[in-house]
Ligand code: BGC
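Below you will find one chain, with nothing else, as structure tokens; this is the form predicted alone, and questions on how it binds or moves follow later.
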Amino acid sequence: MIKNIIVTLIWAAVSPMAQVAASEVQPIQLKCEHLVSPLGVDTQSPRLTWMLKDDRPGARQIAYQIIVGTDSIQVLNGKGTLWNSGKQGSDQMLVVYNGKSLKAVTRYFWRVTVWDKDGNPSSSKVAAFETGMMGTNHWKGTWISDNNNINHKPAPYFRKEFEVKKDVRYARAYIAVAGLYECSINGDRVGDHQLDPMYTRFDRRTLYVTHDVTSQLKKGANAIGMVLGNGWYNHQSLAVWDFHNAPWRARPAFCLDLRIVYKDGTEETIVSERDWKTASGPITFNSIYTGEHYDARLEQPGWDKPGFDDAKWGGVRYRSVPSNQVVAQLMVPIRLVTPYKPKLMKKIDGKTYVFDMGQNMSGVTRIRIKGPEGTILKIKHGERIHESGRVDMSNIDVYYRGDKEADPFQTDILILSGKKEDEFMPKFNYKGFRYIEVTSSEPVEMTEANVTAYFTHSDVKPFGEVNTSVPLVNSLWKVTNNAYLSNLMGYPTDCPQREKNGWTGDGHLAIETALYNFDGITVYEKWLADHRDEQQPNGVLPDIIPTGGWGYGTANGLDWTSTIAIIPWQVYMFYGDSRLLENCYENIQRYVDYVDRISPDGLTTFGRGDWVPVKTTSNLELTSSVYFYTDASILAAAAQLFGKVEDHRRYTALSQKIKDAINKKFLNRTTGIYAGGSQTELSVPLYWKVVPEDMIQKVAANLNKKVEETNFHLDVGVLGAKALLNALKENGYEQSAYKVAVQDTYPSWGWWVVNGATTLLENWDLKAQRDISDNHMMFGEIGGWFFKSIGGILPDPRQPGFKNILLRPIFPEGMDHAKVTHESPYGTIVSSWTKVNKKVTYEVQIPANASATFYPPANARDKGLVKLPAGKHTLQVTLL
């Protein structure tokens, strides 16, 4: 313990309240595969996780026991027919199922008992998970579609009626689709997901979704309806990315099993077969990239209800299975998350209205409006407006190559029925926008009440919060999260408007920001499976994933496609879960081996470089080689973790070889300068631990001088933006890092905010002529850095998943107080402080079964470490 850091533990022991607290000890937050009560688990070895509710100081778990069975009452009573782990003397809270073989389409119940620090047991409530098809053999339905080809524009509608003659115990709809779908039963929409199933490399992996539809069935006549959208499967809109030439491209198709289990124990499955009927409907065109066209005059009321006259509907046809892998979509779904009403409406004339939603977002617009029959409304979405007040598309339609009249970019087209108030919201499209322009062929009256926008994204649970006395910091945190969520659609994208592509570099550059702020593991496990699908036999990856073939170019190298190593490693750091890393191990190895073959001296130019720099271009060979070192180092660490002794030796030696080669060529040991000495060229080797130990302080001092020369402004691209603040903060220059982070004049993150940005931009220069999306995530490190700096919350690589938390906060000048929280696998971490002059009161909350190590900042009077057990602590820190 150090002299001037006084630690006060908030103890409840030896008090009457201790007995109360002990009685409230309980395992909580039970999850299977990181989801609550998931349906459609396809693995024989699902991961089971929990937290310990125990607020007492020093709270920990010393043992656990898991019971799994098919009878919830038996499990509640401690009897498990599938698995009884027995009492395990372990503090693990992530355990892989190790019982009898699981059966397909079966509901399982589980319960965990834990023993607390005093040896007292407590049990959780009973949780559940349900297996899915677990392979193709259990499907009873067939793949069907209508009789049209890839160029047919109207969306296909399908229907089938069936009888339910007995009382239903439960029912599940298993829906596999090539394309997108919306399903309804008896006129009611199934589920609240949007844009299902998620985008994959369709000819290698097809996803199915499981829905509980018990409450939607009724005794007697029932009807099920399906509408299919093109999505990325049948890309009819032309753009530079070649999705219209994707090898999987075909007319959308689906396979459905509606499994009904009756109360008498019998079962029945309603399936997709030739007895379904199909027709066109009001969706006359749909494109995930451009928009959706809807003719309300073509609506067929009741088409998805029993008793509808479908005599004019046609027959369906069989289709081959799109891929050999039809697997469960076991991940957080996309939803309509946040509704927005217009902040401002401007009437240009009787046929033109512009709505400002006040927030740049990814999403869709719902419009309710009445007008003359045949009136055509064009609903255009954009991020900017002209001086005239109309929507400006020039920054986002630059890569579109389609017919801008028949298929206008980011524009929905609605034709009114004239019979009622028509309501329209696209089912199979989303856009990136702040402004909505509605133009009509005939005059219509509109108000703010006609329009609602929905911020639409993967509905990941918030895991972090930053709240400080500095408004700019709070705003930067919010706009970063808005940009991140706008670019999370079952995979991370670069922008929600111009491209919607899964750029790999954007994904790994923002991964810490993502995981500090949101529970994103299921999204990244899905996206890394896409990586495995896309990897060439020689190890090469494209730089957009998934892809229809574009992206295997000459620059799809290490600074971008290091996603294959960096993201699994960071997921392991944040969750303590090594499964993704293990699943990707062979892929990382193939990738590293490929680069090793083409770069035998340890140096490589395989990469894009420091993309969109302020002004200074950095050395491509230096930055690409640093990422080569990073990937080899991660591979060596993974080999050690998985007991691969020879691989560990081999890749440790390779990483050292790369490091030596970088330093030999680029480091001037006399001056402490790498290459040309740019902010990026100094910060990237520092951040990724390439700098020799004896040179770190000299290189860091040079970096600090470089920042001082710009008056604490940025002169970096995406690689430097990831490294710069961390390299300064980690090497004794936290005050400089903070000054850069909160700079509000050009070029800086803050410059965007003070100029009205509600999301992160693609270019530092507001007047740039290219690379000018207003909703981009590639500069998104700033949001995660606040957790690592102001909160100082870091995972310990030796005890990942925040089993031990490294607390390295800074207390910067100009900030009086801050509270940073992160929901770890063990519970909520709180790092909160208040500063008065040179005295800092630092309050910490460490969740049960975890611990922490506090590292005083560089400007603290004393430098010693403080070990902290679970509980609440108050530390007094005196600054120099």
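Heads up: residue numbers just count along the shown sequence, starting at 1. None of the values given here were measured: they were computed from a predicted structure.
Keep in mind the form predicted in complex with beta-D-glucopyranose (BGC) is missing from the figure; the text below concerns it.
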Contact residue in the predicted complex, chosen from W560, F424, Y651, F254 - any heavy atom within 4.5 Å of beta-D-glucopyranose (BGC): W560
D397, E762, E730, D295 - the one with a heavy atom within 4.5 Å of beta-D-glucopyranose (BGC) in the predicted complex: E762
Interface stretch in the predicted complex with beta-D-glucopyranose (BGC) - options 498-506, 466-474, 245-253, 145-153, non-hydrogen atom within 4.5 Å: 498-506
Interface membership of M778, beta-D-glucopyranose (BGC) in the predicted complex, 4.5 Å heavy atom rule: yes
Interface membership of R608, beta-D-glucopyranose (BGC) in the predicted complex, 4.5 Å heavy atom rule: yes
Close approach of D494 to beta-D-glucopyranose (BGC) in the predicted complex, 4.5 Å, heavy atom: yes
